[in-house]
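Two separate entries follow, structure 1 and structure 2, each one form of the same protein chain as structure tokens.
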Structure 1
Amino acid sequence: MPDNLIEPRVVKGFRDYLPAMMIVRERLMETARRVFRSYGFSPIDTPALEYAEVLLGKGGEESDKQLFRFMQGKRDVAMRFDLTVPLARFAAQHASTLGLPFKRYHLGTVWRGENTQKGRYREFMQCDFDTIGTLSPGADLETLLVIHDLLAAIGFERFTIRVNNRMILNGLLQQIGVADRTTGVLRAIDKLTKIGAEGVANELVEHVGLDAAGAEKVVSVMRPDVTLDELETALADNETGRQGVVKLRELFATAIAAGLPAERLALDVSIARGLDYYTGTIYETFLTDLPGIGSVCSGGRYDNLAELFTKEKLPGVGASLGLDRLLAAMEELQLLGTTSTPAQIFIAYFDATRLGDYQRLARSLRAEGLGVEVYPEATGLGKQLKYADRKGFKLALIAGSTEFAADQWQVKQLATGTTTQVPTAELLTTLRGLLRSP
């Protein structure tokens, strides 16, 4: 054995996924795909690497700082920081063959060199869905519906989708004469929950350059509990702001008409979404039992992003499920479980002369859609059952010479220890019944 062993470790901000976590992660991805497909979204994929010019300047100064960027030979390349900017490039490149409107979903890894914290890593998976090529409010409504159905399909009942429209802020800043400082104002408003209204007002004056009256106006309007009626009054003198209010009223009305529970929707004009490319509706989704984890599904409308790549108008709207943040939330809420195998049935290798029979049964059960693992060694039964229990199998099948002679199997429920003798002819029906039980 060499003396200079390499220490096994992971780069800060990155992580390994053990089976128990990865099983849940894959289940969430499968759920996301199922929901996206049910709405008619089609799958695509794009490269992890893009030319740096494709990504730079699209998400704002902070996103540019967080890029993993390097020279590959003479090529200036960077790893994608989200899936939306590559989508804009993709749509501009392939619009003529895709047909519009184009609805896509994309599950892929992205990279951001940001400060790590609970549920936030430098490498993480996004589950995106977007509609490209339409300005219709119907696409904004459908985005809201997908977010709701996605969280419900995953199993959450207590969550709130907070909705805003970037036109509200744009109209307000036009009204007070500081429309050229949108980026700085966005950054300040994004800190509202961390530093409070007074802290945001101070930052607007000291770092963004607003006067005290302008800062007070921004803070008084862009607050979480403001109503649409208040916004209508505050923005009465600005067409952009008024249109933002109209669009929000329409979105809430059609969402309720479509059957979304009113208690899961909320107006919150304090959500600003840090990325600069949003132009209209904005969505952020918070878990009622763990609001501090941040938004687990976010997005919005971006009508100008593709204009950087093509003269064709390609407005878009969509959202992204933050898979790893959601996993961190589920872990904290103790919703993950400890199972580290995707199969539910374990077959003990009890009789060394019967390996073919064990595998024949396993193959027949797999053909019926059941997950089955056969232990690889003909060792002590106690050791095998300990292994099965630790891995999280639900049922164990055991047969020795006595059972084979009687054409039956012992079926052991590992959680309770209950064992029953089942004829081979009745085994499939019995297993399905036990697997359906809690």
Structure 2
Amino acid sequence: MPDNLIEPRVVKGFRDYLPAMMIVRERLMETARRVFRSYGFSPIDTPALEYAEVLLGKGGEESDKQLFRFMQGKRDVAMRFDLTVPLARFAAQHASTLGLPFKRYHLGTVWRGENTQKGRYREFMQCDFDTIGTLSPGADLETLLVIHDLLAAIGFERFTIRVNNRMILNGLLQQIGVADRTTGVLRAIDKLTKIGAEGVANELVEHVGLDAAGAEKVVSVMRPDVTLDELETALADNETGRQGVVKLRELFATAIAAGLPAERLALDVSIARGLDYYTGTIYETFLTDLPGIGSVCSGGRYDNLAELFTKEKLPGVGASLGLDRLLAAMEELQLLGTTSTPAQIFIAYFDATRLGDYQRLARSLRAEGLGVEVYPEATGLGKQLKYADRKGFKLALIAGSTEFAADQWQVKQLATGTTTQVPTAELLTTLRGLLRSP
């Protein structure tokens, strides 16, 4: 490459989205918006940049190190690393205008300077929804319903939403007198699948300082397959733990009453994600056929969203869909398809003098809701059809002087090559029929 050309490349850890992938990404985004709206969640947006003081210290030391932070003139600013801290700032700033409870969704790009691995990028889209300003179990139920409907609307049939409540662990630790060891206990439990129950028990004794009986109790209660009845018995003498069981029972009962399929819900007291931050219900969602990517939609209830910005107490509950993470996993598994056009019908620009006629027909079909591309150049038909085929169009329309004289269009099914002559008056009906057929 000569010296005077700039090498076209993206910044390390970033990526371009080409059409075949971006078409799926936009479909995911639209599905998420449709589901959020159908529950009355309202959209908001916040700036990509915040004052550094707004973002610093909110996601822990690790997150501070990953900030894209710089001076903009005299202003110390940084790019947002999630949508939760901006929501806290937003809620504190606008609470009086918004009124409570407040339900919002937010699709937005976030940036983290983390080490890049396969499928992990420094820029990705988050897709959050939260209900703030209420302690009501109605909001916990709704969060569960939205997660379910979101996954179902995206097209997944086999998935499980695992539900926990932070009060179970709180009660258990109170019971054995180690309420101050939460973080260590969580870290140990989080290794359950890796090191097994015995390994966790050892770690609880050796590193967290529990006695053998306490470690034994933690391990026996915090099993992935523990039942609500077993929890009720185990926590019978602890008010916090008992309340946790009552809340989980109520959540499952109302979810079933609202029509969720029971097989998509599971109690799992071993999910530890975000337990540091969450104070009540916790949700994680696993795809049966993509277990390797971890939870694709996670969240929970928190006591106070914006305590660093306002004295007003704002409890809430919500969850976040890892949209780009899901997309990257689908890409890796080659689940994305190769279609790189959002339109299904292709009109060849066959007769150079008929441009206005091709676009007139195209516009009349677009007005009926069909996607129609007219090839930009009056070049050879073979080249045009090859283009149409490669992009993934379904049908091609061709007309030259013969067809115009007869008021007809040649309709070609690109997958099979089948061609028929269709009178203009019947064209819309014919096209709709062909697009419906598999």
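Here, rigid core means the biggest group of C-alpha atoms that superpose within 1.5 Å across both forms. For clarity, every value in this text was computed on a predicted model and none was experimentally measured. Residue numbering: structure 1 sequence, from 1.
Visitor: Pick one: is 1 or 2 the form predicted in complex with another copy of the chain?
Guide: Only structure 2 fits here, because that chain is the form predicted in complex with another copy of the chain.
Visitor: Superposing on the rigid core, do we see a C-alpha displacement of 2 Å or more at T183 between the two structures?
Guide: Yes, because once the rigid core is superposed, the C-alpha of T183 moves 2 Å or more between the two structures.
Visitor: With the core lined up, does the C-alpha of T160 move 2 Å or more between the two structures?
Guide: Shift of 2 Å or more: no.
Visitor: G59: with the rigid core matched between the two structures, does its Cα shift 2 Å or more?
Guide: Yes; G59 is a residue whose C-alpha shifts (by 2 Å or more) between the two structures when the cores are overlaid.
Visitor: Determine, in Å, the CA shift of L210 between the two structures after the rigid core is used for superposition.
Guide: That residue's C-alpha sits 5.2 Å away in the other form.
Visitor: So with the rigid core superposed, the C-alpha of L172 shifts by how many Å between the two structures?
Guide: With the cores aligned, its C-alpha sits 3.2 Å away.
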